[in-house]
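Consider the single chain below, provided in structure tokens and representing the form predicted on its own.
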């Protein structure tokens, strides 16, 4: 058998790239709930971040040099709609320029319309608890989608369950509430908001593909909990309920995946598994497991986020390559996976942790004019992107 035949090849046209989000990389955003929380000292300040707002073309040149063919970014809602019902065409034009810059480099844009941060006016008036929240959100989503020209892939929202859990259960994110009952109510409100946004976008742009990017966790039951199938119950609660609520309103599924959760035996993970700087278990098998859970929905799947905090770049190359073996296995099992985007293109603001965690394929030197340096793991990932195989 030849070396070519021995390689494990991905489907023709498979997309390769990385992801970012507006508040985490753009800089200069002051009119949303996270910026307000930072001014109050409740979360770290984002400040200039990576200055990606002004340096996006430079960053996309780096992505092109790494043979990326897809890039996921988010639109900052507070820039586009700084006051309720008032849209800033200058900011819309900025994001049109982002899409054009990606297209000019042969990179497919994947647009996320809401990635955690809320415009201050929306947050102050109740956010997604407002009775008319789905209408407001749908208006914003349709407005942006209609004006972004060549973009054809839109996620209405990123990780809705994570946003609810951290903001309304654990209370570590805005609005810093610990009201568990709100978790269930808001999950329904976000599903409704997506469905309304999907309909509104399709009305003005029937040709585009619309979905949700959701964080899917792999649950593993241990001990006597395994016999109760608690892992399946947890999966249906965290992943399945939301997918079912939007099942008629998704052209694709965007999946983010970072770790598994052990149920039972004290949540103990095998000691031989390495850990990221975040303390998360680095178990490459679980990405394939998470993808297999999506086979039942019979729609295309794109991995929108998958990565690790690894400042020393010790584990990233290995972790990407081993995890992609699971993607191939899922494809062979019938899951229609069409792309993989690593988190993240750049080191960035990592929410409540500030700038302490380094997820980037590209290192950012915050103390030296935000200089970019391509990590060695990014070059290994480039080889995979170029060959479309392992």
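Numbering follows the first chain given and starts at 1. All of these numbers come straight from a predicted model, not from anything done at the bench.
The following text describes the form predicted in complex with a small molecule, which does not appear among the structures shown.
Residues 64, 73 and 340 are none of them found to lie within 4.5 Å of the small molecule in the predicted complex, as judged by heavy atom distances.
With the partner omitted here, the stretch from 119-127, 98-106, 179-187, 276-284 that lies within 4.5 Å of the small molecule by heavy atoms in the predicted complex is 276-284. Looking at residue 258, you'd find a heavy atom of it within 4.5 angstroms of the small molecule in the predicted complex. Contact annotation for residue 81: none of its heavy atoms lies within 4.5 Å of the small molecule in the predicted complex. Taking the partner from elsewhere, residue 216 is found to have every heavy atom lying beyond 4.5 Å of the small molecule in the predicted complex. In the predicted complex, the small molecule stays beyond 4.5 Å of every heavy atom belonging to residue 310.
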